[in-house]
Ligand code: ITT
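Given as structure tokens, the chain that follows is alone and in the form predicted on its own.
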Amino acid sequence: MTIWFMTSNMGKVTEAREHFSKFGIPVRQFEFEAVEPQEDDLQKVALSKIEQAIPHLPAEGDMILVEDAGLFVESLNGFPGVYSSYALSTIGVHGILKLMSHLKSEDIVQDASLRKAEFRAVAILYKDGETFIGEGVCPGRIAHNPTEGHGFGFDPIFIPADLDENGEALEVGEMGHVSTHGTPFGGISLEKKQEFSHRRRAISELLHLIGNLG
């Protein structure tokens, strides 16, 4: 029994292996090229990819894992959302900043509110005709300028909201127990990012749902 993870990102595969190791289930990369559906909902996109991949499972009893994520900017009516990958490859982080260039305030709290955004992730596992769905959200805000360092995608411009003692996100602008102190994901270590990660939260919820798998 193997979990085939549909992704071209080996970093995601490594992370998934760590999560599923407690079940003793191997996770392998599944480089199946699914047709990207024209949907405005992450869950629908992921489910479509699952359906396309089912006939191509290497062996009976194997599972498919799909994870989709996107950046949703409040002042842009949720854009780029499910189109985050396309937006990244066309306008990039500087394009998002340009679209938001009119949003300015001298008040720090109000400025943070105007630039609210969140990363959302959905992780779906298919097994024997059933689908298990986990979702994760990381609220935060968009920085005024990108930062260099670790991470990928829109990490250089996304500042996560602080977390309380239980690891739950606070309102944007509130000081918490865990904080990047205004530094975007792109400027912190990958280990630190995992404390906030929407992907980690989605996988964790998925693992909770399939706790009796095995």
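Just count from 1 along the sequence shown to find any residue number. For clarity, every value in this text was computed on a predicted model and none was experimentally measured.
The same protein also has a form predicted together with inosine 5'-triphosphate (ITT), omitted here; what follows describes it.
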Heavy atom contact within 4.5 Å of inosine 5'-triphosphate (ITT) in the predicted bound form, the stretch among 140-148, 106-114, 127-135, 78-86: 78-86
Contact of Ala161 with inosine 5'-triphosphate (ITT) in the predicted bound form (heavy atom, 4.5 Å): no
Residue contact check: Gly153 to inosine 5'-triphosphate (ITT) in the predicted bound form, 4.5 Å heavy atom: yes
Inosine 5'-triphosphate (ITT) contact in the predicted bound form: Ala69, any heavy atom under 4.5 Å: yes
Proximity of Lys193 to inosine 5'-triphosphate (ITT) in the predicted bound form, heavy atoms at 4.5 Å: yes
Contacting member of Ser21, Thr14, Asn9, Ser204, with respect to inosine 5'-triphosphate (ITT) in the predicted bound form [4.5 Å, heavy atom]: Asn9
Residues of 107-121 having any heavy atom within 4.5 Å of inosine 5'-triphosphate (ITT) in the predicted bound form, listed in sequence order: Phe119
